[in-house]
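We begin with a single chain expressed as structure tokens, specifically the form predicted on its own.
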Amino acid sequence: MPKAGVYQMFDEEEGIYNYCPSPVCTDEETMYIFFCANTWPGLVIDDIYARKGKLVDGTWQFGDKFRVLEPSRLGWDNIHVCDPDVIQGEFRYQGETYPWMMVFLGCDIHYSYHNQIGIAFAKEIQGPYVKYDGNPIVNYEEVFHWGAGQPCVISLDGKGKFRMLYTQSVHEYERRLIGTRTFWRDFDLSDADHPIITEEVAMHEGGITNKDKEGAVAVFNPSLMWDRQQDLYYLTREGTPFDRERVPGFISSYSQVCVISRQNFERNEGGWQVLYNIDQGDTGFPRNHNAGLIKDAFGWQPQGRVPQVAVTVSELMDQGFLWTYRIYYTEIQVEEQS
């Protein structure tokens, strides 16, 4: 059973999965949660959906889901679109000013190969979203590698500047291995027809440790939130190493929440502090993965709230585990950081 205060945010019909939540609070009592789901029961094709929720007696309650983005008929994202994150700002594009922007993963090869990152703009948070002609905004050349994806964003100025973290395949040529790592870069899409994009930086991982203190640390599938009052960055990542002894063996058993000062993040120095590991003791499920921090419209920490997390849970089983993917709410009690 889940801990007190941990609950399923909404349910889904049989044969449909929900995962990769991106919750956006537009005010103290209103949340739009974006997530990945398949449209046809039993068919593994990712679209991006959303639900609108209201805070009622301390619990989020959601309305019906609606689709906000789907794969293109042709091009770089014609198989899947997934891993959404949405922020508010001022984005000028093709003569129009859009107050909402979504980042997302797209791919054009099955089995999760050749992932790349795109953006789309909207006049209203619920859409419709217009895909950017300059997509993919983060590309990846190697066709039969996982690629670049799982983006998350925070606004830097409340307008057109934002910071993106994302996962990317990396090469270790001496050992002939391909792994993944989190990178970040800054964007200015105040005039999206003439974008300003900085060089990517491999994110500093110092201080991050695995739950059992054993095994190599790998930081991927991030979500990021900026606490502007204390000038801190909160991060979630997939818990490593994976539990390979039980099926499925490629999904995290826990999601980890970490924190670092913004200055240390930008300098690539200092150390992250591990705050909490969301695991079966919290949710009641053996797999806890694809988490998303609950943020305000700019990707900042909502005022007066402790860090809150939407986390994907799932069962253990030889077949059919995908259809058990559901999204749960939890919150993290933390001491004030210095």
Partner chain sequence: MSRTYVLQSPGIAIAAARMKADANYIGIADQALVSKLAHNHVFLCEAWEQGPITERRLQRLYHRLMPGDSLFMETNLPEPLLRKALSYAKEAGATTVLVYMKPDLNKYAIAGSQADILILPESSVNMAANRVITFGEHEHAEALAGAFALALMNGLDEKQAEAFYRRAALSKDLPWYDEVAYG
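None of the values given here were measured: they were computed from a predicted structure. Residue numbers count along the first chain shown, from 1.
Form predicted together with the partner chain: not shown, discussed below.
Of the candidate stretches 294-302, 268-276, 36-44, 51-59, only 36-44 has residues with heavy atoms within 4.5 Å of the partner chain in the model of the complex. Taking the partner from the other structure, the partner chain in the model of the complex has a heavy atom within 4.5 Å of a heavy atom of residue 71. Using a 4.5 angstroms limit between non-hydrogen atoms, residue 65 is distant from the partner chain in the model of the complex. The partner chain is not drawn, but in the model of the complex it has a heavy atom within 4.5 Å of residue 109. Within this chain, residue 79 lines the site of the partner chain in the model of the complex, having a heavy atom no more than 4.5 Å away.
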